[in-house]
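Take a look at this single chain in structure tokens; it is the form predicted on its own.
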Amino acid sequence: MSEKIKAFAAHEPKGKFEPFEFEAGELGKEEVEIKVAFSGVCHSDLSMLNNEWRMTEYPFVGGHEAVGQITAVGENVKQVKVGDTVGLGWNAETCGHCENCLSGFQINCPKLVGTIVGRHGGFADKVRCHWQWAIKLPNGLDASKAGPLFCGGITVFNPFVQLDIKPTDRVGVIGIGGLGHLALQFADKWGCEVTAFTSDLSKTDELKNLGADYVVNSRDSGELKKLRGRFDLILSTVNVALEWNRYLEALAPKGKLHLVGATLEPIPVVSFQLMGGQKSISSTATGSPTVVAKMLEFCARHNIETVTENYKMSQINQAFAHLESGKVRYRIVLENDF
């Protein structure tokens, strides 16, 4: 099956998205084709648009938080079928047979293919991926709000699984934006004591409604100093340099500073800061298909939703301008109107 797919593409770094059509080619034997209903807009889409990570190919069709119905399947596809409502995140394909894949750590597959890296993503009427990465939505999830869970959501959910976080743990979340507002909800429903670190205290009531037990000014060194030795996990969702020493001091023995925000500057750390108390700095990105499925089930069970602002797909440039303004509360979702 070969067809043309309608999309919006940028033709240069920092360029505007314009209507674009491309030949999809034959559907692979293990591929599915998804008719996109909704596609989240992630800050990673903006980084890719601007070629900040030096791996963007143009014309660039972003979109790696797509939700829609499967309209076609290859002959060797398993577990999903035509008509299923599924989501697709950052990852579109892995080899399936390396040690990482076989042990359930597909995100570490050396042949991992990103949905918008060297291929076209979900800012389109249709998008394709390997069937393993098309994850079915459970009943009870709103498809119009589910897209951001497949990147932003899994990025902050996976650490709770990977790091074996316990309901008795004290968790701090730095930066309450697209990632952080979901992390608060996950930590709260996980049973943890939750502290939100934010530079905007005007959001205090809102953050407590999302699950924060405490709200702390992330720019107040004095407040950070008072929290010395408190946290089992501090999850950083920001992409800027912080007073990392203060946050390391705020960790309890065996505590972890876990990074999911793409901070480009090096983090200065002296080994003695980690040795004292057996502290560590760690990081993850997204999660395996089974963990994505568990996250979706967790969200459905606990009524966790992304807080979204909605645009039509044809308003994509307006949506990106709003994203760049830094005023989004908390994720943008585009609705297909091709």
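The structure presented is a predicted model; accordingly, all values stated were derived computationally and were not measured. For every residue, the number given is its place in the sequence shown, counted from 1.
The form predicted together with a further copy of the same chain is left out here; the points below concern that form.
Between 102 to 110, 214 to 222, 191 to 199, 116 to 124, the stretch whose residues reach within 4.5 angstroms of a further copy of the same chain in the predicted bound form through a non-hydrogen atom is 102 to 110. Shown without its partner, this chain lists Gln278, Gln69, Asn310, Thr290 as candidates; in the predicted bound form, only Gln278 has a non-hydrogen atom within 4.5 angstroms of a further copy of the same chain. Checked against a further copy of the same chain in the predicted bound form, the residues Ile135, Ile176, Val260, Ala92 give one hit for a heavy atom within 4.5 Å, which is Val260. Interface membership of Leu274, defined by any non-hydrogen atom within 4.5 Å of a further copy of the same chain in the predicted bound form, is confirmed. The shortest heavy atom separation between Ala37 and a further copy of the same chain in the predicted bound form exceeds 4.5 Å.
Though the partner is left out of this view, Thr284 does reach within 4.5 Å of a further copy of the same chain in the predicted bound form, counting heavy atoms only.
By the criterion of a heavy atom within 4.5 Å, Pro268 is counted among the residues contacting a further copy of the same chain in the predicted bound form.
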